[in-house]
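The chain below stands alone and is given as structure tokens, in the form predicted alone.
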Amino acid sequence: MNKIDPWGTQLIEDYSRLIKDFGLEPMQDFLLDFPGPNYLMKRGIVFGGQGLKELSAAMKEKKPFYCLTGIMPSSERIHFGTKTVIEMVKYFQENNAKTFVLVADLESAATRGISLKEARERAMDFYIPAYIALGLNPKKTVFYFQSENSEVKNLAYLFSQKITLNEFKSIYGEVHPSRILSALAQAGDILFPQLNEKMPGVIPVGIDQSPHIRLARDIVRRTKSEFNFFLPSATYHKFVPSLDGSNKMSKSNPNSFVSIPEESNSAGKKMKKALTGGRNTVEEQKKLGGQPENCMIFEMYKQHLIEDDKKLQQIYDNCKAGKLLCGQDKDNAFELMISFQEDFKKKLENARKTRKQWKFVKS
């Protein structure tokens, strides 16, 4: 049985079963409703969500809506899963979403032991520039720190009256005081933009974060008379697989995933060591063809490294036909990863120079 855990490391084995078990909406059923879905949506990387009908209607009818994402400043690098989130934020931002990025400095202090000072330094020096380097438009984004947003903290306290400990356990499983506080603060973050303007909102996240969305939606239903918030929508993306093909999230094993940024040579070598869908021998692969559906390199192409659908299809077809062998494929992946890392580093440095454009709110 699938288990969704914001603090776990296990990969999902069956996403179609997950949609059924948790009452999610399949993205494929809504693709035509969205104006020009991006490659992540078309390829099923963003595989489902909640509130997709209301979200797509707001976009099509050009009604106000917002997109919100967060920064957990707990390390000096980010993961390719973060790239997927920012790709979705970029998509919504380009479709006129009012965009908010919060720095979860209170949550990082409670759950990771990161001081507020250190969280601020990491956010300003790396995370915000990294998000910009990945495609976020700083001129169209509102940033804030949880610790400086009294409205979010006030909402968290008010929301604490709307859920019982048993309900929290049913959503999250494990219960710790720091996690309860963090979850309530996240609900405050998710709904904060509606304090100034009631409008639909979307939170792009990995499926492991869906408990936070479910909590926020429950709270909206229970505070209807007080706030009359719109139910928040969400898009859910698949986990980034481990390069070794194991059934663990890639970030749980430093040798099985590539960080952003990472030294180009190191990143390229990891791609060369990745599990492929090759046959036992070259002769067998030429005869029977490769198995891109089992290849972690092809999965990285599909999720992160190749946006051109025709190019991706050509790689798939050549692999299946036995024309593309694993050695050549790994060489190609090596070059693509190096190119990505070098391009990101240049954009990161340029993004740091845009600091005067960043708009922060305090309340």
Ligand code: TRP
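Note that the coordinates shown come from a computational prediction; the quantities given were computed from them, not determined experimentally. Heads up: residue numbers just count along the shown sequence, starting at 1.
Keep in mind that the form predicted together with tryptophan is missing from the display, and what follows is about it.
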In the predicted complex, the one of Ala234, Leu102, Ala119, Val240 near tryptophan [non-hydrogen atom within 4.5 angstroms]
Leu102
Heavy atom within 4.5 Å of tryptophan in the predicted complex - residue from Ser160, Gln194, Gln209, Ser147
Gln209
Residues Thr69, Glu107 and Asp189 all lining tryptophan in the predicted complex, heavy atom within 4.5 Å
yes
Interface stretch in the predicted complex with tryptophan - options 288-296, 89-97, 69-77, 270-278, non-hydrogen atom within 4.5 Å:
69-77
Using a 4.5 Å heavy atom cutoff, which residues in 150-176 contact tryptophan in the predicted complex? It's fine if the answer is none.
none
